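For reference, the chain that follows is the form predicted alone, supplied as structure tokens.
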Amino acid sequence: MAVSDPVRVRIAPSPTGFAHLGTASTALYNVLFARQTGGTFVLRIDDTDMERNRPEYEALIYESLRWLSLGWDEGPDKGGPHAPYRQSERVDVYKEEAARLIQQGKAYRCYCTPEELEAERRQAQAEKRAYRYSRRCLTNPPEGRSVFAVRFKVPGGEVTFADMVRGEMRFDAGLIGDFIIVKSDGYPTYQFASPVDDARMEITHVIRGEEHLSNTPYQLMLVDALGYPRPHAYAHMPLILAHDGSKLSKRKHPEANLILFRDQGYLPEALINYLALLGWNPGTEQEIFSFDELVRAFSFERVQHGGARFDWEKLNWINGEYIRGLSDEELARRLKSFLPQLDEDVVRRAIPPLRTRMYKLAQAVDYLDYLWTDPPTPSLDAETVERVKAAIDALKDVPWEAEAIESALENAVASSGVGKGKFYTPLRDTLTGKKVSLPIHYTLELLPKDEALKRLERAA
């Protein structure tokens, strides 16, 4: 789709829970499009759910997007020409627009109680017809009531719009009943606040999740009624699905929690790479992309229509590739927060064996925790004890370097008459308390020599 006017895109997450993976995915597509076109990316906080909003959840949104380097150009913390950027601070705007619609006969006050509305729904169900509000309060409002919501008077007809993923979209507005735009507590519904803000903030392209596709005709009818220009286009991106094909849920699926990926040691650039490929493909064999390469390659024409299943195996592979691409110094720097018990020199010396064995940084803890914990001494049979003693004899006088340690142990293995596996397994168990460790010569070298020999002698 040709783009002429300066592009303005946005995301509008709600601070009602932890930062969601879907928020990061939507933000990424908006940022890619904005950077491709030299446009502006806006962060707006949809915080009109007064019961569930929490300031700590808003802080998590900022923290998560900054971790991914998905910076915004305008937002609550940065300001901008269309401030404020929190919907809770724009309530007067929505009241003003609702009053204008009422004055023009395009909306009306609804005094119906929840019980009366439920009775209408049950009646429609009994008559086996789709429920639409009866317009009772438009034609014959009850008297003596002061509590009301505001309903939009649906004009009917057909709503059409261009979707950059799905093409031309058409909806029959005759199937939509008059819907509430301002609740009885004075706060706007999502269907009202979102298009009002998009219009007033001059958003040119609305890029959001597929679950909002059905909301678009409601919002466009409001934009038209208010007399604002429509966004140039919409793009409804595929949902992220869990491995079983269900929608990714905050309650059911840990992978929905964006901060989990940081805490597990996934690199932000690797997660960005993976999210870009989750629902989009470049049409080539390339799978590893820098951010700048994504900006150049991304297009809505290659976005899939169906939901995209989250694949841990693919993410782990991509993250492993990124880990192996880091310099020793950079990998050591990123491991620092995972290994606060170790000094920088030990971490740097652990990099060579760690690099090829990790697909996430948190795994370094499993490999190296023997350096700051004293594992239990295993119970060994007499034959195994002799092999441990042989290892002690071989190691006593060697320089404490991986290469010298490896050479000495290989000689001991050759003299023992058993294979490396049988010889090294009790050594691993004694030194680390685990059957799996880094290669035995690195496992030993990273421990101070006296501590390593003490653990072996105790087992023998």
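Worth saying up front: this structure is predicted, and the values here are computed from it rather than measured. Heads up, when I say rigid core I mean the largest set of C-alphas that superpose within 1.5 Å between the two forms. Just count from 1 along the sequence shown to find any residue number.
Beyond the structure shown, there is the form predicted together with the RNA, which is absent from this document and is the topic of what follows.
Among residues of the shown chain, Asp429 is not one whose heavy atoms approach the RNA to within 4.5 Å in the predicted complex.
Among heavy atoms of Arg309, some come within 4.5 Å of the RNA in the predicted complex. For Cys112, a non-hydrogen atom is located within 4.5 Å of the RNA in the predicted complex, even though that partner is not displayed. Interface residue remark: Lys128 is counted as part of the site for the RNA in the predicted complex, having a heavy atom within 4.5 Å. The contact residue chosen from Glu63, Asp49, Asp393, Glu401 relative to the RNA in the predicted complex is Asp49, the criterion being a non-hydrogen atom within 4.5 angstroms. Contact with the RNA in the predicted complex, defined as a heavy atom within 4.5 Å, holds for exactly one of Leu239, Val346, Val154, Met164, namely Leu239. Only one listed stretch (196 to 204, 330 to 338, 68 to 76, 113 to 121) carries heavy atoms within 4.5 Å of the RNA in the predicted complex, and that stretch is 113 to 121.
Relative to the RNA in the predicted complex, residues Leu213, Gly245 and Leu277 are all within 4.5 Å by at least one heavy atom.
Shown here without the RNA, the chain has Arg428, Lys435, Val436, Ser437, Leu438, Pro439, Ile440, His441 in 425 to 460 lying with a heavy atom within 4.5 Å of that partner in the predicted complex. Superposed on the core, the two forms barely differ at Ala59: its CA moves less than 2 Å between this form and the one not shown.
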